[in-house]
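Next up is one chain by itself, shown in structure tokens, the form predicted alone.
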């Protein structure tokens, strides 16, 4: 997974020998005919997204063939009674398992499968991922919120906690981005309605800034005041949607959270100003949001943020052989772990903040949730 996730970052950074080596490894060695279960969400955003992005950057047809092969092997996951995907599928047998899912896993597939449909001419990829997204949206509450747990066989909610946290985050991100990438009016409508509910029930203006907490999806009643590393994707989405003022306010709060201990915790109680979960898995979202805001505003304060993030990573996470996640941002205790998203997202967004705008034409691409840029060259979408 790592060479696939890191390839487009190497290309954008101009690391040509390393990119060529990774591409050769993928072309010659990657084989999806494996008797193993993979998680629908992670394999889609990392592997399929990475393969298609690198195909669009290089023209290497083998990368698209691999993405198509992966897509075909993943299709059985959509064979639930609701059309919402199971969490796991076996790449060799097509067997599925994991009926308990969440909006992010169900609704963060259309950018990739939609792009695969456009690149291969196989419309079924678009239609199945679109149906999953629509089925999720149809199950939102009367006030327009979704919970964090759903059964894809029954369509019933198993956890009615609403928020923008992990498990929900990229569902909202994909509503907006699919509207942009595919000119999909259904996605545009679903995003507009969802954004209204998010701002009404989840936004939480406090003396120390703007935050987004959790609420009951049916009543809108606040249930907790947690904001974390994964929630920090939302300033980027707000900026992309045109709501730059709210985006800037939320990024300021995210930066406050980062500086609380010198590196952001995975979860932070903004009402009590206390760390709720102290790990830092090398997440990119706050850096992503700084990049988006710098692109739109050219305000040097976002360069300062980028410098802070970079300096913290080098100071606390660097090792002789790479970068290590932290088990506790208070003690800066390292763990023996470095996710592939560190290459795909964290390094890419950090580089792009400071890189010349010509490095990547922001307005000609849409990033998937793993920071793989997909070209905006599709004119029409499926009805």
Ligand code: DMJ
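Residue numbers count along the first chain shown, from 1. Everything numeric here is computed off the predicted structure, so don't read it as measured data.
This protein has a second form, the form predicted together with 1-deoxymannojirimycin, left out of what is shown; the following refers to that one.
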With 1-deoxymannojirimycin left out of view, choose which of 27, 328, 69, 42 has a non-hydrogen atom within 4.5 angstroms of it in the predicted bound form.
-> 42
Which residue, 163, 284, 235, 107, has a heavy atom that falls within 4.5 Å of 1-deoxymannojirimycin in the predicted bound form?
-> 284
Given that the partner is absent here, state which listed stretch (29-37, 341-349, 49-57, 312-320) has heavy atoms within 4.5 Å of 1-deoxymannojirimycin in the predicted bound form.
-> 341-349
Contact of residue 369 with 1-deoxymannojirimycin in the predicted bound form (heavy atom, 4.5 Å) = yes
Closest heavy atom of residue 210 to 1-deoxymannojirimycin in the predicted bound form, within 4.5 Å or not?
-> no
Taking the shortest heavy atom distance, is residue 279 within 4.5 Å of 1-deoxymannojirimycin in the predicted bound form?
-> no
Using the partner position in the predicted bound form, report whether residue 230 sits within 4.5 Å of 1-deoxymannojirimycin, counting heavy atoms only.
-> yes
